[in-house]
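Taking the form predicted on its own, here's one chain by itself in structure tokens.
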Amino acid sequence: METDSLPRREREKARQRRELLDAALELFSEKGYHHVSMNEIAQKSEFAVGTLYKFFKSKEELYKTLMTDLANRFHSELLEALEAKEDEIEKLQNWVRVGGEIFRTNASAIRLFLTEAQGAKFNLDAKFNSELFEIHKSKIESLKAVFASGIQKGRFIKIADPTLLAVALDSITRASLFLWLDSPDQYPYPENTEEILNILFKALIDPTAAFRLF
């Protein structure tokens, strides 16, 4: 639901929640999760610490909410990228382009998540992991639908399970972005989506190329 359609009191609560999460993200990104206190987050957001605890019972709950909210927002933006075009190839081109923009714009948040997830310094419970996994599965299903549609229309050669194509494109894109995140100068993310998509399209669109590859 859009916040503009909420009653005034609910809009105010949504605004406060957003400002608290924004302050937490800025501090976590700057200092690391374990070096930030709830008091610091409250001070940064210019709210009383009691207000912060009304929204989040603990720093861990705040962090998980922050990451889940970001994952859902990124997923919504990727879905919009797919829905913005009619042609299957254009949909995928848009998806790769928007994915790169999301990564570059939110690099600090993504770096924070990767650092904390890899460190495993606190308990990422099953519910939190399950929520993130469901968002990821939904992303794969959206890509799968585009590939399936392209196969049905004859845009792509016939592949028995388009899920594999969705996983392949997602994996290629994410791997490229993770390399960029680690070393932007050494591994620049391609500005031209064709550089990534052609890894799949050369085989998908041209059957003779597929025959040579296999």
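Small disclaimer: the values here were computed from a predicted structure and weren't measured. Position 1 is the first residue in the sequence shown; the rest follow in order.
The same protein has a further form, the form predicted together with the DNA, not shown here; the description that follows concerns it.
> Check for me whether the DNA, as it appears in the predicted bound form, comes within 4.5 angstroms of all of Arg9, Gln16 and Ser37 - heavy atoms only.
Per the other structure, all of Arg9, Gln16 and Ser37 touch the DNA.
> May I ask you to check whether Lys64 falls inside a 4.5 Å heavy atom distance of the DNA in the predicted bound form?
Judged by the heavy-atom cut-off of 4.5 Å, Lys64 is well away from the DNA in the predicted bound form.
> Contact between Ser58 and the DNA in the predicted bound form at 4.5 Å, heavy atoms?
Result yes; Ser58 sits at the interface with the DNA in the predicted bound form.
> Is Pro188 one of the residues lying within 4.5 Å of the DNA in the predicted bound form, judged by heavy atom distances?
Pro188: no, not in contact with the DNA in the predicted bound form.
> Looking at the partner-bound form in the predicted bound form, is Lys54 within 4.5 Å of the DNA by any heavy atom?
Lys54 belongs to the contact set for the DNA.
> Heavy atom within 4.5 Å of the DNA in the predicted bound form: which of Leu164, Ala145, Ile172, Val49 fits that? Just give me the one.
Flagged contact: Val49.
> Pick from 149-157, 41-49, 64-72, 180-188: which stretch has a heavy atom within 4.5 Å of the DNA in the predicted bound form?
The contacting stretch here is 41-49.
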